[in-house]
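Single chain ahead, written as structure tokens, the form predicted on its own.
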Amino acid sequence: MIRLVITLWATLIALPAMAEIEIKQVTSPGGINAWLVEDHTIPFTALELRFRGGGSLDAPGKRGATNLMVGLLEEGAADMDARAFAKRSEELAASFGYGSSDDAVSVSAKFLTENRDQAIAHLRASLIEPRFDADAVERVRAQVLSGLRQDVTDPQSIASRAFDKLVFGTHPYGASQDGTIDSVTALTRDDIVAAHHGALARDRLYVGAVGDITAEQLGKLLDTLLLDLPETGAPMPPAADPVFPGGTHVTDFDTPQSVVVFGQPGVDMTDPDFFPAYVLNQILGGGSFESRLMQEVREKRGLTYGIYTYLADRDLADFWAGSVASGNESVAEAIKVIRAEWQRARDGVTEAELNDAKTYMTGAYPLRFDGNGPIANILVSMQMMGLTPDYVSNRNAMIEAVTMADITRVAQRLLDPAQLTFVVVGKPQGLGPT
């Protein structure tokens, strides 16, 4: 489901070029690989685990199983029920976070050095010995169902789901990883256990650690924490084959403001043209007030409060997408302007636009670099994308190397007004249902 998508690439744009960050590649005695940044200034460590696959691993007819399973990992483990697990976390002054997306299950942990062994034992229990007690299952299921019921009345959620279904069809990306009311209602404990075994396995594991811990200590910690997980998990689904039919597709919904999700084929980060495309996106609709779409749609015409575009570099598909909301009486004009700007960008950009984009992109992201947890998250994202540790010192240079000729070439290669597809939810004037 397309939300305000924070892809792995989007995480990396927050990474500053800080040469003083030394990334160590660690292999535990048991063979678990990790990246480590040591920082012994405070007695605290952040640990980030990522398991590739996520909701895309759900078995047919079991959509939402992985999401429900992840929601239950902190609802009781080993000899602790949900209340006892939460109490023990508080006693240790440890913080654990569990999340899922179409592409991954994420586990975040923060703990003090003095409580490291106890915190890891506690985290291990949630990963290796989750209880999936009946009362916890029903409690978390009810929370998920409540969110799903809200989604069916939320125009943004409706638009995102309609776009996904249109573009990705029967691929797992074509349906929300949260599942549907029917699918989540029908899930059994056996389905949840199967999702646990399928998603949390060592063959899809990535680890980042930052803080007061040495490579030797990290290696031992990882074996204690993770060696008892299954060696292999559920098979990964095939790559998606997205279809962008073009045109405007309207879902009638009673709301004073129409919500629009739009997109076209994208570009993989391994493509030599990725960085020019990334800079071009910043100029076209990257979210700043200086982007062309913000200027043309908001500032000059007052058709929206905000508009943005982004390159979605997903594990199984790449696409160029965006979103805007506008009054029912003005959304047709907003779409017309977006189409015009998509076409105009194929002719290139100005030298000033290119320089301004480079300045913004190389200068803004250090402001988001704000602690051990974000760094650990970035280390894992880099690994999952196949990057090397020297990316941290090379990233800005790759942006600075983008030329006017690069932008023009890539715009003509990638921007495709014919495939630019709009999904509209609302009662737009001048746009009928399709």
Partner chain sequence: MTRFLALAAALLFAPLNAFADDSVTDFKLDNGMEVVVIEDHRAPVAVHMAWYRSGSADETPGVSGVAHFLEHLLFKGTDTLEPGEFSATVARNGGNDNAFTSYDYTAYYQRVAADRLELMMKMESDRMVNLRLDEGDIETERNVILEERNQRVDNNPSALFREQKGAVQYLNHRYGVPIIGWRHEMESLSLDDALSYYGTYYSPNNAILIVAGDVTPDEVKTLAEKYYGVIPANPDLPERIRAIEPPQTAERRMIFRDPRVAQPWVNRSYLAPARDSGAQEKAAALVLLSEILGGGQTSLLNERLQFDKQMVVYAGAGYGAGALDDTTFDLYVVPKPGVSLQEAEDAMDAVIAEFLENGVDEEQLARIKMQLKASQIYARDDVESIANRYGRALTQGLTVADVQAWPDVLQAVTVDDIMAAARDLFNRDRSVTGWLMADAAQPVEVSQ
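Residue numbers count along the first chain shown, from 1. Since this is a predicted model, take the numbers as computed values, not measurements.
What comes next is about the form predicted together with its partner chain, which does not appear here.
For its partner chain in the predicted complex, the listed stretch (111-119, 337-345, 97-105, 233-241) containing residues with heavy atoms inside 4.5 Å is 111-119. Using a 4.5 angstroms threshold between heavy atoms, P374 counts as touching its partner chain in the predicted complex.
By the criterion of a heavy atom within 4.5 Å, I42 is counted among the residues contacting its partner chain in the predicted complex.
Using a 4.5 angstroms threshold between heavy atoms, I181 counts as touching its partner chain in the predicted complex. The closest heavy atom approach of Q264 to its partner chain in the predicted complex falls outside 4.5 Å. For the options L227, A93, A332, I128, the residue carrying a heavy atom within 4.5 angstroms of its partner chain in the predicted complex is A93.
In terms of contact with its partner chain in the predicted complex, the residue from D356, D133, D252, D271 that brings a heavy atom within 4.5 Å is D356. Site residues G61, L68 and P172 are none of them in contact with its partner chain in the predicted complex, judged by any heavy atom within 4.5 Å. Taking a 4.5 Å heavy atom cutoff to its partner chain in the predicted complex, the contacting residues in 61-86 are E75, A82, R83, A86.
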